[in-house]
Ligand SMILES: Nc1ncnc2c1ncn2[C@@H]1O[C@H](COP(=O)(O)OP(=O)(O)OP(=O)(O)O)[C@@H](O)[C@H]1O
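A single chain comes next, written as structure tokens; it is the form predicted on its own.
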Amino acid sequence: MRIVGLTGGIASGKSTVSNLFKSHDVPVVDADVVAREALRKGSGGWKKVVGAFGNEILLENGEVNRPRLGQIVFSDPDKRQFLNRLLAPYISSGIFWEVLKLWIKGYKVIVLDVPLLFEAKMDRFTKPIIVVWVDPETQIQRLLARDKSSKEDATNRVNAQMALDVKRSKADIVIDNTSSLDDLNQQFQKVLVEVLRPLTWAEFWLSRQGAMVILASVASGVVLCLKAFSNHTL
């Protein structure tokens, strides 16, 4: 099984690339979706976060007010790291089960869409690693246009994340999203060919098909050994 790592920064266009993979029938495990589930009202993650940050982060229906929580943690690195530590076990286990379900279904290639891929050390389990890159100025301008937030808030959010130049240096594949959507699509087509290339032997043995081959081989070996033993005793 090939687990492709996809990451970027806020307003870099990572979600657009993720959706392009989905449109080409490549399954995507989205860490943001898993994180939202981890913060669902009544869940273990919800209880931890509310216990730490108080009822002021809740909406009237009891769900977490994510924009409010974001304002709190993006302006304070210590609180942001604390929140990440609280949710990390729930997000990690959620991602594991999503990957396992896709493995059981027999998918050979999946994309792991994780904003904190490097920070959470999840890059160790992905190959190749794709980074969607833009310069910081473009990030801030796109964030201002998207969220209608203040420039200070947008700058805090960008600066709170690992710099995209650092992520780019760790990537196997870089998608430069500073130009047009057409240009992004052209880059994506080349990336898609690379991602869907035939599995290596190591990747094949980690797939469900590879596991079935190993299981069948072991079973055949056991049967042959039993037959040989029976013939010998007779």
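Quantities reported herein were computed from a predicted structural model and do not represent experimental measurements. The numbering used is simple: start at 1 and walk along the sequence shown.
The next section is about a form of this same protein that is not shown, the form predicted in complex with this ligand.
Visitor: Can all three of 32, 142 and 177 be found with a heavy atom no more than 4.5 Å from this ligand in the predicted bound form?
Guide: So, yes: the whole triplet contacts this ligand.
Visitor: Could you tell me which one of 196, 59, 202, 181 places a heavy atom within 4.5 Å of this ligand in the predicted bound form?
Guide: Comparing distances to this ligand in the predicted bound form, the residue within 4.5 Å is 181.
Visitor: Residue-level contact is defined here as any heavy atom of the residue lying within 4.5 Å of this ligand in the predicted bound form; does residue 10 satisfy this criterion?
Guide: Looking in the predicted bound form, residue contacts with this ligand include residue 10, since a heavy atom lies within 4.5 Å.
Visitor: When the contact criterion is heavy atoms within 4.5 Å, does residue 146 count as touching this ligand in the predicted bound form?
Guide: Yes.
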